[in-house]
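We begin with a single chain expressed as structure tokens, specifically the form predicted on its own.
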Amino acid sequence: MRESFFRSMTWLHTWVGLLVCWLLFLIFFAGTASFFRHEISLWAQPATHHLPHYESAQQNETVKKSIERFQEIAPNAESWRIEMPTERRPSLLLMYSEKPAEGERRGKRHSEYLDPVTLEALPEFRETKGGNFFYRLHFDLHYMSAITARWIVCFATLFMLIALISGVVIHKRIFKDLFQFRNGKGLRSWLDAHNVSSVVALPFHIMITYTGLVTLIFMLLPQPAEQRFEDTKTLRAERYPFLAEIPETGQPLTDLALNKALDHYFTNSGDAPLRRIVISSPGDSGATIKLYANAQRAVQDDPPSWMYSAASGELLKTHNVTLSGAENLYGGMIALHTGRLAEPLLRWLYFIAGLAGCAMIATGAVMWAKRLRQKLKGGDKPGVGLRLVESLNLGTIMGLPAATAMFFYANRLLPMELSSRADKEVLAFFVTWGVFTLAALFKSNRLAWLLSAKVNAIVWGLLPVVNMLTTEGNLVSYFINGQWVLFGFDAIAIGIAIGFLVQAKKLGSTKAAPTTPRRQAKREVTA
């Protein structure tokens, strides 16, 4: 019975992993990049590269100057919004919405990025999605509705959780295999690589998968909320009280009590720096001021926030200032998943563990195909299923890195005045991935892997060169000026190129060993 149980778990682990492995690789790949989404966005905006480190002590003055600018350019707007600079996002973002015209739900939105010290508009601020593209991609996918995408991602995540649990069950030497990798042993080397990448970051894999489901728990399991609340609208009103619209009085606002609101905030927030300020109906006496704290390293998803009367500065309500046990648990799990709480060292650990997850998925998919191909007899041809798996392996594992590089090339090379420029960057990503996948459908042998590795090495190796030719900085100047985010980006690109060169060299020098019937029989017995 025990052997039957382990066989069942092995079968379950194999198939729940294989059926969604390419989607899971995309989710892990984009999610791993998302841990540095603000750094990617910084690289994608050369106009912000010269901005110095922003001190939170300047916030009071920055907010007052921003309000003065709003009063000058948009006194009759429906709302004003200020996104304060942070250590990872140095620019100041000012946004305002016009009042909607008759028959429209929302008014036109305007935004501008400024130097937070001088409040001068940043020159040549390009339209780009930056790191937010990868963040949205890992759970909203693309070219489909967000709800559809999230259901697909949820089911893939459930499969991932089952694969992880069944993998632990069938792994008899989990701690021993953590330190065991036998290079140059064919299928055994792939199995060792799969085991090491799985076990070395196993707590992370389980955490990131489970908390990923928690982020969409109200979509997956709406029944408890439906028992507590009348409908979704009531749930949202209690979960996000600041979203409730406050009717205008029709009376003009004579004086904005901003100083009083800021004084109360800094007195009661524990000196937490501001993250966001939203002023609704700024020209009406019923206007409100919403101040959102920067949660920084707190294990909390939604930041504490305070709402004040814009006319009197009186505190109207708070949100997430004091949390229940359930709210702490829910917000803490989401914070663990997103990694927003992570300092640089912990963020790098998140990133490395995410790469281990990508390696775990990739080695598992490749190992399945190699194991099946080894079982083919001399004159047998591979079936459609095996050829499809091999093609998707090549197209996804080698195509996604190349597509990411082309996304960055598009950011640097597309004309600044191009219409829908950010969408063209995304198009470059998917076209490149599509080309790799289509090519893999025609040929997915060792030569195809070798060519794909060389292409990746070239595009990633030349990326710092293109960056140097299209901006005012380069790897050396970044190092001299202490611009460590930009230096790290170019260094990682070079490191990726070197990694693909090593892979290309290995693929070019290694030949598949012929499999004799005796060796084949021995492998089947030990498998």
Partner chain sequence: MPSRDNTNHKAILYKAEVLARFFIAIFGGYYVTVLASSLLALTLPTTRLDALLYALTTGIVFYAIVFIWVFGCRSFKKVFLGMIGLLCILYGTLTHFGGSL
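Positions refer to the first chain, counted from 1. Bear in mind the structure is a predicted one, so any value in this text is a computation, not a measurement.
A second form of this protein, the form predicted in complex with the partner chain, is not displayed here; the remarks below concern that form.
- The candidate spot formed by M9, F218 and L329 lies fully in contact with the partner chain in the predicted bound form, as each residue has a heavy atom within 4.5 Å of it.
- Judged by heavy atoms within 4.5 Å of the partner chain in the predicted bound form, the contact stretch among the candidates 317-325, 436-444, 344-352, 111-119 is 317-325.
- The partner chain in the predicted bound form comes within 4.5 Å of a heavy atom belonging to S166.
- When the partner chain is considered in the predicted bound form, V16 lines it closely, a heavy atom lying within 4.5 Å.
- Shown alone here, P222 lies within 4.5 Å of the partner chain in the predicted bound form, counting heavy atoms only.
- Contact annotation for Y210: at least one heavy atom lies within 4.5 Å of the partner chain in the predicted bound form.
- Interface residue among E245, E238, E72, E104 relative to the partner chain in the predicted bound form, by the heavy atom within 4.5 Å criterion: E238.
- For the options L161, A149, L388, V200, the one in contact with the partner chain in the predicted bound form, meaning a heavy atom within 4.5 Å, is L161.
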